[in-house]
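Listed next as structure tokens: two forms of one protein chain, kept apart as structure 1 and structure 2.
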Structure 1
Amino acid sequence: MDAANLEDVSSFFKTYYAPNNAALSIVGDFEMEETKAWIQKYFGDIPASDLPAKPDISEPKQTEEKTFVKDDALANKPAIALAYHMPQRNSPEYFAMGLLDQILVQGDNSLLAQKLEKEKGFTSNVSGGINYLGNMFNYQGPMLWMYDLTYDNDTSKEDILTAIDEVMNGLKDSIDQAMIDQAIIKIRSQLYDDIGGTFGLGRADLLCAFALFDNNPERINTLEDSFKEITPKVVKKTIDTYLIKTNRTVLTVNPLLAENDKTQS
């Protein structure tokens, strides 16, 4: 960003901020013909641009677990985050990961919350999801499923990872249709939250995403059906392919503030 000059910014804007590279979504209580006239008035004269070929942003398959440590002088507790590469958008495994997100980290009854919060007492909150900057639908490209938590200074990273591995190693054996049905109920609730969020902005966002990425904004009406098609067999295959250590990256935050306090005392 610092290297960009005014010419670069202007060229980028003229190339990509064009009607043939955009979708316009309007939600709310409005008059159709009046709104169409406004759209034509304010957007109709904007010319199309000559779009360049889309770059290849695909990522190579991760073949070994990666671990990183970040020293944080302001942190007073250690923290850990774990991330896994997601399957290709709109594939059966992609929707299976949406269900696994619900099973593993969303809500008090999720398996990792039960293990790390209720049983072990290592943390008060496990948070996570797919595509932290949005949701699993409004981005096209490589995505991550990840979760994170803070824990007490007298708990080791090894304790945390051992508890996590207990959940992940037993996950496939616990998957059945009843668990999937429960995950579908939870993801239905999340979809309604996404669609109704921020005074209609969530609905507008998803309509635009499905128009741009799938040329089908009506997908917003059939999202739940895509999850209902996922069987325990597909979920188990997804676990074997994606929820494995070789597809996992672990980031640990080292709280230097806590160490400094100990030194001073």
Structure 2
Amino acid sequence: MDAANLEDVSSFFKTYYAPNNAALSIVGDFEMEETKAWIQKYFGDIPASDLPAKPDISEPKQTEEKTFVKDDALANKPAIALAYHMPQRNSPEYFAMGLLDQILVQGDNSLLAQKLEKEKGFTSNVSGGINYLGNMFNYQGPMLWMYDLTYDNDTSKEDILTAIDEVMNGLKDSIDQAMIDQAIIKIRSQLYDDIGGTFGLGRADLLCAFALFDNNPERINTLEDSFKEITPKVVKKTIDTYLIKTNRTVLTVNPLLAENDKTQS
């Protein structure tokens, strides 16, 4: 970025900030025909650009578990994050992962919150999801399902991983339609929050994402149905294929301030 000159910047703008690389959504109180006329008037004659092919960012199948440690000079207690590669966007397994995200980490009744917060008391908050910079809908390409938590210096990484194993090992056998129905209720509630909040900003977001990535903004109205089509069988298959250690990366934060008495209470 430092090396950027005016010419680079201008050519980047002309290429990627062109109407054929963009979506415009309007949500709210407006008159349909009047607004369409304004859009044509103001945007209609902006020239399109020649878009280069998108870079290939597809990921090969992971075949063994990866573990990493990151030193953090400013942290005073350890943290851990676990990530699994997601199934391809919009596949049945992808929607099944949306359900598993709810079952495992979303809300107080999620299995990992119950285990790590309520039962073991290792942490006060397990947070996670699909796409930390948005939600499970507004991305295109590879993605990770991930969750993370901080824990005390007295607790070991092994304690955490053992507790997680207790949840993951029993997961497949516990999946039934009732559990899926509960997950769908949470998805529905989150959708209402996302789509309805901030004067409808979440609605504008999904409409643009589905237009850019799927050329089909109508998908906003069929999301709930896509989850309802997922059977316990598909969820179990997804657990067997994706929620396995060979598809997992574990990253821990090594807190360099752990021994610093100024940060200890």
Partner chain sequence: MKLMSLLPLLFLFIFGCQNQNEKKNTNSKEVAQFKVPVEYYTLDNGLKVILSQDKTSPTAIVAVYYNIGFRIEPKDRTGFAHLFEHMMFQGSKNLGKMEFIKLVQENGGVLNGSTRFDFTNYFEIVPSHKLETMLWAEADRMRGLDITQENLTNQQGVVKNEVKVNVLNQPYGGFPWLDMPQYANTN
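Numbers follow structure 1, counted from its first residue as 1. In this text, rigid core is short for the largest set of C-alphas that superpose within 1.5 Å between two forms. All values derive from a computational prediction rather than experimental measurement.
Participant: Just checking, which of these two is the form predicted alone?
Facilitator: Structure 1, not 2.
Participant: Once you line up the core, how about Pro217: does its CA shift reach 2 Å between structures 1 and 2?
Facilitator: Comparing forms between structures 1 and 2, the Pro217 CA shifts below 2 Å.
Participant: Let me know the CA shift of Thr198 between structures 1 and 2 in Å, rounded to one decimal, core fitted.
Facilitator: A shift of 2.9 Å at the C-alpha.
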